[in-house]
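This document starts with one chain, in the form predicted alone, laid out as structure tokens.
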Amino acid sequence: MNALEVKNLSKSFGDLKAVNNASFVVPEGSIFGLIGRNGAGKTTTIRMMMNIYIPDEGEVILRGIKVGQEFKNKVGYLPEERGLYKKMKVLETLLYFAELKGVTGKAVKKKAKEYLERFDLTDRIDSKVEDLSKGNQQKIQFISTILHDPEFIILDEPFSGLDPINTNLLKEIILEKKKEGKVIIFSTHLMDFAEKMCDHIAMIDHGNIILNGSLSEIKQKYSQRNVSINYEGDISFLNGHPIVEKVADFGNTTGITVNDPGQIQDLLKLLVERGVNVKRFDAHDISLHEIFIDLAGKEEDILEEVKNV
């Protein structure tokens, strides 16, 4: 069952077509990723979903009913451009945003203090927001997004400005919310985050949805001719080899696409014969990053791509 359905959303700003006929569904109880490069149309799409921008065309359906103003009461929204009151104190800020959503009392104050402890901010409880680092302000903004226990959590580039430890903590809390049955939607240009966390994705480029559906099904479809390897040695001989379509170097991992799935074992044999020390050889494995580069790198093919897997 789908919690949200985005149907044919379009939005222009003057001559710029920011979003062009975007459609996708967000299943109940899932983590959904809206992914793409900076400026692709992610934020504009989210703002239309939130009814902040009125679409030129299209609509958003919430459990069978067109989204209206009441949707905002069900949502915790973390915007890309943060909106905290700099002169307010930390705890005061959290309780204020909870009250705006109709949640007050001792229970929410207790929960706010618990979140501050998890984020190692207990000693800043009476500090003014303006005295916090950007990373700590981001943590306060995130806590204020989830403190009122919303049904839907929409996060626009949530990992921006966070160090690895706090990024991991954010991921932990997002997964906890998923277990509670919340619907989580987040936008990101960081493909590895989306790949590790999302059940479903929509990939947007130049305002067009170029791919959407179950992440596992998408990866299965695009990985049939792909191998990921870690190795020591020289594999330059693969460039232009008859069985190899392309080689993509990602630093620690190299993705190799053969012309036919039946040639994967031939590839392994070829590497061994050429004296390459193969440390890892994952057949039928492809990263979301590779898929995005493959699709978004071929502008003329984007609209011909099958949108639903």
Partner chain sequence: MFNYRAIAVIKRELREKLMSKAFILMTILLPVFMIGIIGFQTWIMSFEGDKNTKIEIITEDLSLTSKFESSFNELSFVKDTTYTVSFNTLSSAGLKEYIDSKKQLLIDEKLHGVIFIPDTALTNKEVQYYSKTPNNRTITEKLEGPINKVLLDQYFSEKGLSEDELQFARMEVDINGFKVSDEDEFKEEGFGNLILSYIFTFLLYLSLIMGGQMMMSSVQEEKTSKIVEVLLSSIQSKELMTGKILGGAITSTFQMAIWLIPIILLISTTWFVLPPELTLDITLFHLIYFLINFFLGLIIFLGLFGTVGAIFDTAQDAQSGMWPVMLLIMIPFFISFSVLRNPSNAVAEISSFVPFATVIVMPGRMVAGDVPLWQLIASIFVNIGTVLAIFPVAGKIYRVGILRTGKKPKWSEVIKWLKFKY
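Computed from a prediction, not measured in an experiment: that's the story for all the values here. Residue numbers count along the first chain shown, from 1.
Heads up, the form predicted in complex with the partner chain isn't pictured, but that's what we're talking about next.
Residue contact with the partner chain in the predicted complex: P79 places a heavy atom within 4.5 Å of it.
Remark: L100 counts among the residues lining the partner chain in the predicted complex, judged by a heavy atom distance of 4.5 Å or less. In the predicted complex, T43 approaches the partner chain with a heavy atom inside 4.5 Å. The partner chain in the predicted complex comes within 4.5 Å of a heavy atom belonging to N73. Stretch 92 to 100 is the contacting one of 218 to 226, 92 to 100, 172 to 180, 188 to 196, since its residues have non-hydrogen atoms within 4.5 Å of the partner chain in the predicted complex. A heavy atom within 4.5 Å of the partner chain in the predicted complex is found for exactly one of G105, G83, G135, G233: G83. Among V244, V60, M50, I264, the residue placing a heavy atom within 4.5 Å of the partner chain in the predicted complex is M50.
The three marked residues, N168, A248 and D260, fail to reach the partner chain in the predicted complex, with no heavy atom of any inside 4.5 Å.
Contacts between stretch 1 to 23 and the partner chain, counted in the predicted complex as any heavy atom lying within 4.5 Å, involve K11, F13, G14, listed in sequence order.
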